[in-house]
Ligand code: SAH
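The form predicted alone is given below as one chain in structure tokens.
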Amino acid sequence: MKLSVDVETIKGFLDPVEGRALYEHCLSVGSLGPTLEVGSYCGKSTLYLGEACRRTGNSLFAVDHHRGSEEHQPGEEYHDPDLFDENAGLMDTFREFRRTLRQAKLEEIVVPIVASSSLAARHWHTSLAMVFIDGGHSHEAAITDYRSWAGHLVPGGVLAIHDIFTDPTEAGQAPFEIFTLAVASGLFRKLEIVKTLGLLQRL
């Protein structure tokens, strides 16, 4: 795997080992259709998925309202003041995201959808080969992302969920909850867990 830019220059929280797993699984289902990610932030995961989509001739839909998740807001643990728009009084990661796409020459591969997950999904009809969920980590946000997008996966497609922690003392449980929900649905089988990245296959 060769990335077109140094991933360490991109703001974000995705471990490189998890990024490689995203890339490889996206590549493996490329013949089934396009990929969609929920929660792009500044484009670190977009880079891995976008490079795989470039190789398979597919598109990557990148859904993010670019106002930051709960933990990115002022006063919260993962707040980055460089991404705060003082004039609007809001987080704004879209400019940094666009810069990542430009540097990686992914502007003809990635389709940015600047909207909430529920709004983007409201009239969605395109079947998907892979869905990567890394949006808000509240219970409501995670459930919304799962219910909005998992149903659009084709048989054999991959559902990837980031920030899975089984120990509630380590981090929030919402991603683990939707991972568990997906398994319990009988619609998915476990593929692997790479660090905090859970991967499932649509039956």
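Quick note: we count residues from 1 along the sequence shown, nothing fancier. The shown structure was predicted, so the numbers you read here are calculated from the model rather than taken from an experiment.
A second form of this protein, the form predicted together with this ligand, is not displayed here; the remarks below concern that form.
Residues placing heavy atoms within 4.5 Å of this ligand in the predicted complex fall in a single listed stretch, namely 39 to 47, out of 169 to 177, 25 to 33, 152 to 160, 39 to 47. Put simply, R54 is far from this ligand in the predicted complex: not one heavy atom of it is within 4.5 Å. When this ligand is considered in the predicted complex, S117 lines it closely, a heavy atom lying within 4.5 Å.
Proximity of S69 to this ligand in the predicted complex falls within the 4.5 Å heavy atom cutoff. Residues A115, S116, S117, F132, D134, G135, G136 are the ones in 115 to 138 with at least one heavy atom within 4.5 Å of this ligand in the predicted complex, listed in sequence order.
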